[in-house]
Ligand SMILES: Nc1ncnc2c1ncn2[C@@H]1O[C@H](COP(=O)(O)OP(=O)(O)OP(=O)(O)O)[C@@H](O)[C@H]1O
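Shown next as structure tokens: one chain only, the form predicted on its own.
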């Protein structure tokens, strides 16, 4: 069952310069993907590709000068873009939850952990008693593997380790029983052992609760190990998407190849490629392929918009040459 379907999403930053001329940074350009119940989608790409902006667009958390100028974001058939604020507040934090970056910075340093989690429950059910909300907070903490949750509920944020703070944020996100969880760089700043614990927890919760999840990350090793499908983002576009095994084993877009080829050998991929140059200017994007100035295979036809070539029923790439590079892995 499809929980989230993003179609032709365009999110731009619209400002005016000192001469009062309108300036438009096209940060997201025709982004389309979906997330099904019971699966984890990995969204990858370099800094500035538009990954976090995609998440903020879905959550309705954009602030001026950012705005959605076209496209739809449907959650369980309802178009989030067309919703009024009250309607959006009904599902945000309840049906759709987000775990942001920097867990320590996301917690209120002046409020005990249990009360912070309980607040989220009360925000979506004003009739909820304090005792019931506190009980729900403790249950949510226990679900994410926090030992002795009654005692931990009385702790202050500064008393938590980085991994524990991340578990608290996940408990906060889960307290209202969301059907979609968006995790933006959930393992940043954590050591390798704690990273594995957090990601194992996320995967187990998706399977146990039949949720859908998006993991936004720079770490391709995380995606290769934990995500069912992978979407590769470049300059505000999804340039390749498919099953994780297919995308990593048979990458077809030159950017995907370069991204994988520039990772440490622990991924066991040996593509001879690297991501050279810098990302394009979002105020003056090339008319065709956005990767044209960095691509070693760029040709005249790359000045026109590349087709989104279907390489299989579930794997596609936004490139003129995707179909002829190599045989698809079986």
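Positions refer to the first chain, counted from 1. What you see is a predicted model; the values in this text were computed from it and never measured.
If you look for the form predicted in complex with this ligand, you will not find it shown, but the lines that follow are about it.
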| said: Which residue, 49, 58, 40, 31, is the contact with this ligand in the predicted bound form, using a 4.5 Å heavy atom cutoff? | reply: 49
| query | Is residue 27 one of the residues lying within 4.5 Å of this ligand in the predicted bound form, judged by heavy atom distances? | reply | yes
| message | When the contact criterion is heavy atoms within 4.5 Å, does residue 218 count as touching this ligand in the predicted bound form? | response | yes
| message | At 4.5 Å between heavy atoms, is residue 185 in contact with this ligand in the predicted bound form? | response | yes
| query | Does this ligand come within 4.5 Å of any heavy atom of residue 65 in the predicted bound form? | reply | yes
| query | Which among 301-309, 288-296, 31-39, 50-58 is in contact with this ligand in the predicted bound form, heavy atoms within 4.5 angstroms? | reply | 50-58
| said: Within 4.5 Å of this ligand in the predicted bound form, counting any non-hydrogen atom, which residues from 2-23 show up? | reply: 13
